[in-house]
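Here's a solo chain for you in C-alpha cells, the form predicted alone.
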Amino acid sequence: MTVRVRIAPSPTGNLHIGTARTAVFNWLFARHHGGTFILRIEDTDQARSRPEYTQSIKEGLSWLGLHWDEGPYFQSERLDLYQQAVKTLLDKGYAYRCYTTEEELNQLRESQKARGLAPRYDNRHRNLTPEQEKAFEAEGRKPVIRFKIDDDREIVWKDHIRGILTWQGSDLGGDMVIARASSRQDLGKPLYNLAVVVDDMDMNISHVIRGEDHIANTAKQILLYEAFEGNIPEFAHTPLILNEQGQKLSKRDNVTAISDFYKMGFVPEAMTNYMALLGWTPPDSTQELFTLEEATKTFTIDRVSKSAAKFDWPKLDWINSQYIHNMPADRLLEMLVPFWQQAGYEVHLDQDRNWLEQVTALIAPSLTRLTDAVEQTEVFFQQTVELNEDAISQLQQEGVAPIIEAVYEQLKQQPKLSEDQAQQLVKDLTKQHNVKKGLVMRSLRAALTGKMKGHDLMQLWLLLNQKGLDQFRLENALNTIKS
C-alpha cells in the first residue's frame, strides 16, 4: 500500500499544539513508510476562517520542520466537488432535504431532555413528498441536506491504536446534516463530515491519523465512504493532551498555540521531540532525546498509547535545555537575535558576529529557554550597570577601592587584555595589596556586573574588555565607592 496521510487544520485559530502533535505523528508515519504527507486547509467555515490563521498554520509547521509534500489544498476552492457529491447522494436516495426549523429542533431537544433522552434528530422529514417540500419553501423555510443513518446499522472498524471499535447507528444522533442550502435548487454549503470524506477519497488518503475526539465522526464518515462506494482509509485515533489537572489542554492553560511556544523560547527540535513523546514510546523506552529524522526510523503507530498524555512543563524545559546546550554557537546565536532585539538590545551581526558567538557560547550551558538569554546577557549590552545591594556591600569593604583603582589605571594604559594578561593582573594585585584572590575576583565581579553571581568571571571580563565596557564599569564602581 502506498501511504498517503494528511493534516487538515481549520484556519479559525492559530496552529494548536494538539493539531501540531497530530501533524508530528502523520509526518513520522509518512516518512517511516516512504509515503506522502499532505497539508489541507479546511476553510469551508468562511465566517470564522482568517488568512492570518492559514499563515500561522503554514509558518508553524515549517518552523517545526514538518514540511509537506503536497498542498496546501483549500476546501474553499473545491466547492464544486462537494456539491457534485451531494447531488450523487440525493440522486441515489441516500440523502434528502430537511426543512425542520431551529425552533422545532429546540423543542425536540427540550422534550428529549425532559424525558432523560440523549439529543437526536427524529428524521421527521426523511420521506417528504415534492409537494410537502414546496409547501415548506413557500413558508420561507430553508433546507439542510441530511444523510440517512440506519439506526439498526452496526459500524465496525479496526483502529491502529484502539483495536476493534464498534458503533451503533442509533448512537449517531439521527440523520446527519451534510450541507446547508438556501432553496430546493441549491445543493448547499458542505459541512465537515461530507467535505472530509470527499477530500480523502479524491486525495487517495490511505491512513487517517487524528485525535480521539473524532471517533464518532469516523463512524459517520465510514457510512459516507460506503455510500460513495469509495475506498475506506485505515484509522488511528490519538490520545488527548491533558493539562496538569488532568483536563483537556485548552486556552485556559495560557499557552496552546505553537507560536506561543516560540515566544516562550522553545526551539523547534525540542518541541517536535517532546510532542512525539506525548503518546508515543520509542522501542528503547529510556530514549528521550531524538530528532525527527531519527524518530522516522523507529516510529510505528502501534506504539502510540490510547491513554491520554499529560503535558509536563518540567520535561519540556529539560528537553529544550539539552538541545540548546548541544547547539553550535553560530546557530544558537541566530535564534537568540530576535529575543535580544525585542528586548531593545543593539545587535549588529555583520559587525560583531565573532564577539556575539563568544557571548552565546558563554551563556549557552545555563540556558533552559531562549528567553533566559535576555537577562543573562544584559550585562553585555549596557554601558554601565546598576549595582545591587550585595555588589555595593562588596565594593565598600576595606581594601577594595585600591584594587578597583589599580585595575582601572592599568586598563587606561593597556585597554586590551588577553586571558593570560588578565590572570597575571589578578595575581599581581593579590601580592601588591596582600589580599586573597577571592577578594579581588569578587570585587571585580561586583564592579563589572553589578551582581555577585553569574557566569565565569574571567571569560565575562574578557568579553567586556573587547568592547571597552570594563573601563566604564570600573569608573562607575569607583564613583559609587566615593559617594
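Only a predicted model underlies this, so the values are computations on that prediction, with no experimental measurement involved. One-based numbering along the sequence shown.
There is also a form predicted in complex with a small molecule; it is not shown, and the following applies to it.
Of the stretches 206-214, 311-319, 93-101, 277-285, only 206-214 has residues with a heavy atom within 4.5 Å of the small molecule in the model of the complex.
The small molecule in the model of the complex comes within 4.5 Å of a heavy atom belonging to residue 196. Contact annotation for residue 408: none of its heavy atoms lies within 4.5 Å of the small molecule in the model of the complex. Of the heavy atoms in residue 192, some are within 4.5 Å of the small molecule in the model of the complex.
Though the partner is left out of this view, residue 5 does not reach within 4.5 Å of the small molecule in the model of the complex, counting heavy atoms only.
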